[in-house]
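Let's start with one chain on its own, the form predicted alone, as structure tokens.
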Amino acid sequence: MNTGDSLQKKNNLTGWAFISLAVIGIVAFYFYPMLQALLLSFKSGVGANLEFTGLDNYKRLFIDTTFRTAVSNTFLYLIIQVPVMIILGLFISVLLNDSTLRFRSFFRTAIFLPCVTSLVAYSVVFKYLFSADGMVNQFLMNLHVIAEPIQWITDPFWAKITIIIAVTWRWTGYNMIFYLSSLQNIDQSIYEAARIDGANAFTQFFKITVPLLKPIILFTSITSTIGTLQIFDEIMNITKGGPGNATMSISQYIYNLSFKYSPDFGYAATVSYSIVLMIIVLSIIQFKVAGDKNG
């Protein structure tokens, strides 16, 4: 063995030594629990008294009305909130990328700030803001927009709207940062050439900005979809899934199965893997719609 091969082997061993702890941690705390949850989904029982029942839990999904309600609620949030959040984040990022805008740093910080706030804290604040005697109702009544308070928390329709508003408020700034950083990497000479050719701001946005941001838009679409399918904190702290099960999400149903109802960890694991399947299917669809050849 020559010196070059020996040095290469030593470097490889050194590299593996550096990443070995991270690999062990990922396997121990991510992949092993995932595998155990998969095995658990084939068992049923109360608490720790579980026995293997095959595909019974998966068959139960199709006749479980509470699960169907949770899925329909979650997909309603997904269909409304994700497009609004992405379009709003893109629109705000374009505005804040304007070099002539004063106090750009302040606006960027103010819009991104909700992303770093505590999930529980901001959810509790929203619960009080949208209560029957909260600031939102008081403000709308002072403007004579409404004659009586809207039941934002206790009405099934308005409770869903409250959840969508809360999630959009918190996560729009997160997507905006991705778009803003990408916009700053676009060569301004492209826009200058477009203006010389007579392209207005509308044309520049749809013919230049959106196509160049396509990979980032795809990324934020997938991450927003994953986050919405896993939505839990806002619903748990604002409406607790009510009224009835009108705002219950899939993740809250998993929590209820594990800790609120008679503990059924096997079926809870099955519901958890339904989210995994939904994420995989929706991600593939988004890749195909975006025309990503690597999807």
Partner chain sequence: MWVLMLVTVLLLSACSSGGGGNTASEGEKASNEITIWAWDPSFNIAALNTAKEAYAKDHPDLKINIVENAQDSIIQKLNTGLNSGTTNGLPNIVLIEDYRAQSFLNAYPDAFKDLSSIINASDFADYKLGPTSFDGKQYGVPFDSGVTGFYYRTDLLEEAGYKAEDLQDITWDDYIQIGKDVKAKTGKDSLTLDPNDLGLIRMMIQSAGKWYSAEDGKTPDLAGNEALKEAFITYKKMMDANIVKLNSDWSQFVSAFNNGDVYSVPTGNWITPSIRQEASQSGKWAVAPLPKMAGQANSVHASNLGGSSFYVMNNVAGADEAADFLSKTFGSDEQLYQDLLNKIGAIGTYKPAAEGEAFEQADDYFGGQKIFADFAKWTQEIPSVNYGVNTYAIEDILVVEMQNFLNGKAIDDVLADAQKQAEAQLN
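Numbering follows the first chain given and starts at 1. Basically, rigid core = biggest C-alpha set you can superpose within 1.5 Å across the two forms. What you see is a predicted model; the values in this text were computed from it and never measured.
Just so it is clear, the following notes concern the form predicted together with the partner chain, a form of the same protein that is not shown.
- Task: Please pick, from 192, 98, 187, 133, the one residue with any non-hydrogen atom lying within 4.5 angstroms of the partner chain in the model of the complex.
- Result: Spelling it out, the residue with a heavy atom inside the cut-off is 133.
- Want to guess which of 105-113, 151-159, 194-202, 89-97 is within 4.5 Å of the partner chain in the model of the complex, heavy atoms only? Result of the contact check: 151-159.
- Task: Evaluate residue 75 for contact with the partner chain in the model of the complex, applying a 4.5 angstroms cut-off between non-hydrogen atoms, and reply yes or no.
- Result: No - in the model of the complex, heavy atoms of residue 75 and the partner chain never come within 4.5 Å of each other.
- Message: Taking the partner chain as it sits in the model of the complex, is residue 233 in contact with it (heavy atom to heavy atom, 4.5 Å or less)?
- Response: So residue 233 does not count as contacting the partner chain.
- residue 55, heavy atom within 4.5 angstroms of the partner chain in the model of the complex: No.
- Would residue 245 sit within 4.5 Å of the partner chain in the model of the complex, counting heavy atoms only? Although the partner chain is absent here, residue 245 would touch it in the model of the complex, with heavy atoms inside 4.5 Å.
- Query: Can you name the residues of 251-268 that have a non-hydrogen atom within 4.5 angstroms of the partner chain in the model of the complex?
  - Reply: Stretch hits, in order: 253, 255, 256, 258, 259, 260, 261, 262, 263, 264, 265.
- Query: residue 13: CA shift of at least 2 Å between the shown form and the other one after core fit?
  - Reply: Yes, the C-alpha position differs by at least 2 Å between the shown form and the other one.
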